[in-house]
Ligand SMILES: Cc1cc2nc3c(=O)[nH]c(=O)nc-3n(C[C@H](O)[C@H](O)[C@H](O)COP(=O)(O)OP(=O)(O)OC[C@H]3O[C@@H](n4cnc5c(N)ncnc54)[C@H](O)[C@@H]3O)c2cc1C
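Shown next as structure tokens: one chain only, the form predicted alone.
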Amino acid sequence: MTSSGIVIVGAGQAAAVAAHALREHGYGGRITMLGRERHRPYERPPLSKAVLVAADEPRLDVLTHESWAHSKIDLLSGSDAVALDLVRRHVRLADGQVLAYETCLLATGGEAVTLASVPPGRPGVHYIRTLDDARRLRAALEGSPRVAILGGGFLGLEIAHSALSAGASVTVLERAASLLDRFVPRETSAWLASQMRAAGARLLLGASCSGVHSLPRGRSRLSTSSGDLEVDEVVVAIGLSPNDALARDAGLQIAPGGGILVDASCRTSNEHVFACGDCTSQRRPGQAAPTRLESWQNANEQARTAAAAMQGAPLPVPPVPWFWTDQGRHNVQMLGLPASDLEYVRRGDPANDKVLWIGHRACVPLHGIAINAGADLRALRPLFERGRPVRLEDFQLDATNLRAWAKHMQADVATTASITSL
């Protein structure tokens, strides 16, 4: 058995940021990182965009060469953790090796949700979760193939735009009647659909796939609720499942909807085990149940929080959740979290490709959506952080100076809070 230290299970974004943060907090012991892939930790957002279409593959490393060297990480790539012993405090690998730990950090991420009717490994079928997955799809996009994308979420739409720019003929099938109906208001959903069609994609809403049948020359026929569809390549992008099996088998508490349950410090139900990133579920202010946030920001922030907690350092202030996606030539950013009971007010016109929505409850901003207006949304962040009612009438007027309005609303909120406290 190897000597104790901190063992990080996983070698993605959250794992790398946590290891670097541990060194920044002064941890001088051994850090061992276990990764299934053969690559150093890399950024995943470009997998559906630049990796598929850029002339040269972008640099994806989470840490620079200097930061990696400073962090002094013992990376065991191509390794798979198969058991976590909470009593003996060790991790057992598939090859029989056993690693003892003082503290363990689970950053195991997630796995692409699969369809039994479209199994992974089948010729012409793609699930995009890893760099190698994206490289295979990039090669498949050569020669202007016909591509079916199952799933109209953020990932599926990003891949669709990339495939179109590579010259492919693209059909997107989405089971729901509208795009991203759980995340954006109807008006935003309609804009996304219009942009997808304007880019040249065929969009089938309310459509599902019941099977894939092999055809000559490597093609496939999809049996769908909208009729048969013949394609060269099939991409499945229907969501992410938290990789929580190791924790579940060890007896750690798992949230009802999946994901390793962690507290505000990213500590699990065992005092010596922490978790961060896509594999976790966490209780957040304003949320009735633990939720999972699958985002670049959340992976980074939870990693820094876990590292601080492991070293007994002050915890960083939790930020308002933030998410972004590039949809073709358009940048979409979101601040806060959606909810079914929110009312939305709009500034700008979607037809002009620059628009901002605020989703609110009793005039308290809770969810912001910006299309090509990320700087404007960032100016509103303090209003989301304060969580108090604001006057939204002027927000909707194009003549209103948005930054000045936001500062005025902040001062208004601060004055009201001061008076209330007297």
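Note that the coordinates shown come from a computational prediction; the quantities given were computed from them, not determined experimentally. From 1 onward, residues are counted along the sequence shown.
Quick note: we don't show the form predicted together with the ligand, though the next part is all about it.
Visitor: Using a 4.5 Å heavy atom cut-off, indicate which stretch of 383 to 391, 53 to 61, 30 to 38, 362 to 370 touches the ligand in the model of the complex.
Guide: Heavy-atom contact with the partner occurs in 30 to 38.
Visitor: Is the gap between residue 171 and the ligand in the model of the complex 4.5 Å or less for some heavy atom pair?
Guide: Residue-level check for residue 171: no, no contact with the ligand.
Visitor: Answer yes if any heavy atom of residue 212 is within 4.5 Å of a heavy atom of the ligand in the model of the complex; otherwise answer no.
Guide: Although the ligand is absent here, residue 212 would stay clear of it in the model of the complex, with no heavy atoms inside 4.5 Å.
Visitor: Is it the case that residue 233, even though its partner is missing from this view, gets within 4.5 Å of the ligand in the model of the complex, heavy atoms only?
Guide: Residue 233 lies outside the contact set for the ligand.
Visitor: So, residue 110 and the ligand: in the model of the complex, are they within 4.5 Å at any heavy atom pair?
Guide: Yes, residue 110 is a contact residue.
Visitor: For the heavy atom contacts within 4.5 Å of the ligand in the model of the complex, list the residues of 309 to 330 involved, in sequence order.
Guide: Heavy-atom contacts within 4.5 Å come from 323, 324, 325.
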